[in-house]
Structure formats: C-alpha cells, structure tokens
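One chain comes next, on its own, written as structure tokens: the form predicted alone.
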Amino acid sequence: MKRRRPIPQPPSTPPTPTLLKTLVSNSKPTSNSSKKPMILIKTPQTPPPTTPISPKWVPLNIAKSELSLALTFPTGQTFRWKQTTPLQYTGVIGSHLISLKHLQNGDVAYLIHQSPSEENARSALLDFLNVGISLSEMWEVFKASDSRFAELAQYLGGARVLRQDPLECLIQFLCSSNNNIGRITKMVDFVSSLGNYLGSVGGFDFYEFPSLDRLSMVSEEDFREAGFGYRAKYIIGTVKALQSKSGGGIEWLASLREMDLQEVVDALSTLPGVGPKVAACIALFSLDQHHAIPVDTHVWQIATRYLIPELAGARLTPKLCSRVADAFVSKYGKYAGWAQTLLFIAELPSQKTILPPKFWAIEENKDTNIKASTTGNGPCGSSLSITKSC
C-alpha cells in the first residue's frame, strides 16, 4: 500500500482574519444546477425566466486593498471571467450574470445583468469573493515576518483568492494541464457554452456552468473535435466518476471542504487527470484549503530564491514539490496559499508595469543560477511560461 505523506500542520501563529461584518454574514455556496438540453449547444439558449432587474451599480463596501480586480481575475485562478471594459470584469456565479468594477475611490461595485434573485446574486457574489477573510489583516502578519512580501504588498494590494464552485474549478484545471492561457480559455468557453445562455456583455456571451448531467451528454469525440486533445478523456472520465458517487458528485465535492488537506488531495487524485498539483489548485481555489500550495516551476524558483536556497540548482522532483509546499506552510501558516498567490503574481510578466525595476533586476540575476534546471515542464504540473496552469 502506498504510504501517505502527512500534510504538515500549520504553525501555531497563523493569521486569524476576522469577518468583514459590513458585508454579509450568511453567504452560501452557489449551485451548479441547470436545465438539461437535448442536443449539443451550438447557438445560445434562451435565458430562464427572471425577475426584472433595473441595471445599476451597487457598492460592495470592499476597498481596493481587499480586492483588486486586475490582480485577482486575470491571474490564473479562473478562466470564466472576462474583462468587458478597461475597468470592468464580468462573469457568472451560479445562475447570476454579474459585472464588477472599481469606483473612483477604489472601492468595488457590482451590477447584476441577469439573475433569478437580486438578493441571492449578492449573497453568491460575496461568497465567491471570500469576503469572510480579511486580506489586510492577513497581510499585516505576513509583512511582519517577511520583508520581501512587505515590499511587494505595497504594489500588489488586493490580490485575493476566490472561493469558486468546486465543479467549475475542477473542470477548468483539467483543461489547464500542459497548456497556455489562450487555449485554456477557449476550452473553458466551450464547456461553458453547454450551459444555459444568460446574456452578452462587452461582446462576450455568458452561460451558466453546465450540470454533470449536461456534461455527460457530450462525447469524448465532441471534446476532441473542440481541441481538447488527451484532456477529453479526463473530462469524460471525471464526469462519470462524479456521477457514480454515493449521494451525488456535487455533494461529494462540497463535502471535501470539511476534510483535511491530505484527505482532499487523496480524494481528488482518484479522479482521471487529477494529480497532486491539480488537486492543490482545486483545493486552494474552491475547497477552503487555504494552505494548499500548487507547485510549478515558477513557485519552485520562488522557493529556492527565498525559502530554501540550499536547493537552488537541483532538479524539481515530486519529493521536492512536497518540500516546497512544506516550506511555504512553515513560513506563512494556515493561509500559506494566499501568500504564495501574491508571490506568484509578482512573477507574471504583466506586473512589470506595476513593480519597480529593482524587483526584476534581482530576480533575473538569481534566475541565471537555476535557469537550466527549471525551464520547461515540471514533474508536478505543466509549463507555466505564460500562466499558472495546473
């Protein structure tokens, strides 16, 4: 029997963020349910009946220091949200089509384009944005123990970890294996188009994410023809595996939020196409496993520069992936995954316009010592030359 490696328990002094009481106290996860179409969708469906909503921007009372849209949505957590204007991002949460933007004072406001219930849409949005966790309080603890984090936080404030629907997150990261952001987005758009059409914003069509029953109607050949390649069999196999779960696949995924990280990784790894790294992505971005660390070559470079420099120059192996995760948890505690997310975002080429040149000069010099052993595909996941795809 394969021996399990225990996940290290977080140190006794992790950050303990408080609830943002000015928002909502009883946000609930959204549902994946949708009506089951009879044929593979090629054209948009008619949206379900909804209560008329007067389009208006409503403040969320969330400061930019708690949520920066540009540092949260286009950074590899989700591929379902679109930048529909220079300052606006639009996406679907459950059956709610919503746009977000920053007001002139930096605070975040939302606009509901389509929803069965305005009240439920707000509740689902707040749950999706993880507003029960105070980013600023968490970061104060990180900054006190990590001078480099403190420097980066001056420029990358508001980089938040989302709380996505588990099925959506799972399917998205099955698409991301050994892939780039453009192709991942096309695949996720295809999967999304199998659900109920909700509307168009900024030239993009938006759909409710398809149910397991709807996904089960699509063949492996259909996915391959849509450009999924070998990932087609993983999606088909995962859908079948979830449908076979006692009590239902959606319920099974939701139950993982109550388990320890090692149990979550082990459970997810029983699904076709899910390895430790993809499992860590799903755990962090949808299953409340805040100290999950998805390890790729970029995260490996971060770790060998600042956490375990004695391993610089070594070849990344599955065993060393575990050591990297241990190092992050040891340094940052039970919210290590949130810290790692900021450090990863700082590595993205798109942040060169935000970060001072000194950060890039330092990193380029250090990279010359480890470049040969860390470029290309890492054994824990995919090539991340463009995005953090698991």
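Numbers follow the displayed sequence, beginning with 1. Model, not experiment: these values are computed from the prediction.
Missing here is the form predicted together with the DNA; even so, the following discussion is about that form.
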property	result
4.5 Å heavy atom contact, I181 to the DNA in the model of the complex	yes
Partner contact for G313 in the model of the complex: the DNA, 4.5 angstroms, heavy atom	no
Contact label in the model of the complex: K319 to the DNA, heavy atom within 4.5 Å	yes
Distance check, D296 to the DNA in the model of the complex, heavy atom within 4.5 Å	yes
Candidate from G91, G76, P166, G195 lying within 4.5 Å of the DNA in the model of the complex - any heavy atom	G76
Of G106, G273, G157, G199, the one that lies within 4.5 Å of the DNA in the model of the complex (heavy atoms)	G273
L129, G132 and H291 all contacting the DNA in the model of the complex, non-hydrogen atom within 4.5 Å	no
Segment that reaches the DNA in the model of the complex - one of 93-101, 142-150, 228-236, 201-209, heavy atoms within 4.5 Å	228-236
